[in-house]
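Starting off, we have a lone chain in the form predicted alone, written out as structure tokens.
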């Protein structure tokens, strides 16, 4: 029960504590304590130093161990920079949002951990809905019309998506009718073991509804609009949290149903759906990059692009599946750097419009160089990790039975890179008439420290390639029936 208390009950308890406390600093200290313990425990479980013994509706496997470490790592860095972010001058309307900021963050950690560690479709569904409720008020942090619209749009679309996922779970129950699974609890592990007896028609319907429903949270096109609006209007730490961890929690639900269909005749159908979703996501990002007005929205569409790449890797299978798992890690790290630095740019220039941001490298040299490096990283420039994960995904595409997917993917990615680069270089290098007025020495802050460490991690994990990480990802592939 120790692991259950630390990973799930402790964040929930601290949610209540933060509600009772008025001091933002005290809430921050408590949240840092929670995030540190959660990260250490998640790392111990991942490495194998601690074997968890979770109660009835929860369990761990290779997939949940990896995803738990990813969300815990993202959460730690977001909490670390949050107090510095909240201390910045803000509109009077935003002051009310600060009061509940860490309360909602702790509830977010509780809900995401419960979803990741769940071994039951019902428990996962409830926890996934709780993640939506935890993040929605944080989207409205600035208390302006755009944020309000983004919050309600996100709540509406994601709630509809969660309803679709619930229908998918009901179809899974129908798929078990007349089999040894009929009348049993909806445990993932039981359905994976006995998937061969499930009705293929209802199983296909279940996969479609769960995939489409959860895609509203993952950001897979064409169900991406609510997530994009929410990410681009939320405070930068919250946008980093959503792009780096919340999408991963939703992706887990799709992977669970995909794991069930893997040993069945529905497998090829599910792979095709994933490939179509991935290609549409790349195409939508490709179209948007031709006319970028809002740089935070640009980063949100970059998330759509990279979740599309992950969906493609999972759908292709083989070595591409391995690459997709690595891509989950690298993308989560990269998105934090992009949104943290974008937050600094927004604070200085007081606008999210690309046309209002110029000469960043001169005015904010520290932030500017980190923003540039994070662009190189997200564009798969070596030695950053995304280069290696995309290489594996491309290799899987080339040697699959659909090599033409590689050519479409590379064509779309080429123009995404060119147009995204054009926008970012315009922000970094174009001259500013008021540059002398804006020019002042940029102070080194905790957010700069965090981005430097994360950028080092992006290189170190790829270059060192830890054996424990490689073995874990290989175990995940075995659980999905992938033979290399």
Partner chain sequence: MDLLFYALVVQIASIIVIASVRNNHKASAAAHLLLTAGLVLGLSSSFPALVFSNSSSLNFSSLLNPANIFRFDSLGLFFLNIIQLVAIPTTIYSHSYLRHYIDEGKSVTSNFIFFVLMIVSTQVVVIANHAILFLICWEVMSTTAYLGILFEKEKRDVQTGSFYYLAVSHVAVFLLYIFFFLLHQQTNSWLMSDFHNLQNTGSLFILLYTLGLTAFGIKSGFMPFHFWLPRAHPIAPTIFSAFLSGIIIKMGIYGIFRTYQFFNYAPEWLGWLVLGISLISAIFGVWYALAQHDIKRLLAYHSVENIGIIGIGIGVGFIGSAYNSLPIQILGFGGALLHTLNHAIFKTLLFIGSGVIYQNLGTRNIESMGGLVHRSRYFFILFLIGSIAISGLPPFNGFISEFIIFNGFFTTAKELKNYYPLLMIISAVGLAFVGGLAVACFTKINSIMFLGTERKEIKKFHISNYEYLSLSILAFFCVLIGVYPQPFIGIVNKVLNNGFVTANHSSELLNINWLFISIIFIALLAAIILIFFLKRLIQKKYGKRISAPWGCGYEGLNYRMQYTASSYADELNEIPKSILVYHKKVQSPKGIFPAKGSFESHSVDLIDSKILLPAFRSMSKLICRIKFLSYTDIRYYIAFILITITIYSVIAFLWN
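These numbers were taken from a predicted model, which means no experiment stands behind them. Residue numbers count along the first chain shown, from 1.
This protein has a second form, the form predicted in complex with the partner chain, left out of what is shown; the following refers to that one.
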Review point. Can we say 161, 276 and 362 each have a non-hydrogen atom within 4.5 Å of the partner chain in the predicted complex?
Key: yes
Point to revise | One residue of 141, 209, 188, 110 in contact with the partner chain, assessed in the predicted complex (non-hydrogen atom, 4.5 angstroms) | key: 209
Check your understanding: Exactly one of 430, 53, 26, 36 has a non-hydrogen atom within 4.5 Å of the partner chain in the predicted complex; which residue is it?
Key -> 430
Review point. Quick one: is residue 358 in contact with the partner chain in the predicted complex, heavy atoms, 4.5 Å cut-off?
Key: no
Exercise for review: Report whether the minimum heavy atom distance between residue 59 and the partner chain in the predicted complex is within 4.5 Å.
Suggested key: no
Review point. Using heavy atoms and a 4.5 Å limit, would one call residue 98 a contact residue for the partner chain in the predicted complex?
Key: no
Exercise for review: Considering only heavy atoms, tell me if residue 196 and the partner chain come within 4.5 Å of each other in the predicted complex.
Suggested key: no
Review point. For the chain shown here without its partner, which stretch in 329-337, 342-350, 255-263, 377-385 has non-hydrogen atoms within 4.5 angstroms of the partner chain in the predicted complex?
Key: 377-385
Check your understanding: Can you tell me which residues in 125-162 come within 4.5 angstroms of the partner chain in the predicted complex, by heavy atoms?
Key -> 152, 153, 156, 157, 160, 161
